[in-house]
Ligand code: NAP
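The form predicted alone is given below as one chain in structure tokens.
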């Protein structure tokens, strides 16, 4: 008879919209995890002990093995570093940091400490991403285009940090598209040029148009109201592939082929993967989507557009 493995104690840091909508339900639905503590200046989870500082939580709950960080990118490095130094495995919400260098530093520390570090990209767990990758595996991409347009007021209501340095602006959702692209393409591409729309009163872009090698292009916009658009369309000599609903629905030559019109499977899959990594004593650090963002910020031509207010 197989021995039942006890759920691991986990703490969630940053109790904002994404934590409440996705992280908490995913943790609570899993037999792998026991959410025993949260850290947040304001947010709380009913029935879970809350702390306002990481240090206080670490002192009070030494049995916590894993810390999941769902707070914004800029402060995340300090929390991740402290957690690893305290001997805790760490799971990072996307994008995994404000810079590439700081994630490399975390990776080195995790390796030194023998701990698991997981840079999550939730859109890679969308229902149709794996079937799309399998369909493309033996094909040559002749053209690809991403249309990723959504309403920042809906998904980040009043969160000014997204338009501050390190907040990444439209690349916060855009990195979701790039995480899918870098997962499913049979050959890598790199950025060759970009045009970035910066609101006159903001420090990060509200829209971006990207060009890559291999006739790959992208259109990101954070100002779309009404229905949201999360599409990736790819042409090959053998047919056309389209991913809809953020990678959750696959179409081949215009006909439904796989997937489910729901985003609710993405975070449960992330936490299942984290459990596997901890059990195996491994890390998973993939910065390919973030490299494209950094390249866009380097190569992008800045266009000043009208001021943006929530």
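Positions refer to the first chain, counted from 1. All of these numbers come straight from a predicted model, not from anything done at the bench.
The next section is about a form of this same protein that is not shown, the form predicted in complex with the ligand.
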Worksheet entry | Per-stretch contact check against the ligand in the predicted bound form, the hit in 101-109, 223-231, 149-157, 203-211 (non-hydrogen atom, 4.5 angstroms) | 149-157
Item to complete: Mark residue 81 yes when one of its heavy atoms lies within 4.5 Å of a heavy atom of the ligand in the predicted bound form, and no otherwise.
Response: no
Practice prompt. Could you confirm whether residue 70 comes within 4.5 Å of the ligand in the predicted bound form, counting heavy atoms only?
Written response: yes
Discussion item. Within 4.5 Å, heavy atoms only: does residue 255 come near the ligand in the predicted bound form?
Written reply: no
Item to complete: Considering only heavy atoms, tell me if residue 25 and the ligand come within 4.5 Å of each other in the predicted bound form.
Response: no
Worksheet entry | in the predicted bound form, residues of 160-174 near the ligand [heavy atom within 4.5 Å] | 161, 172
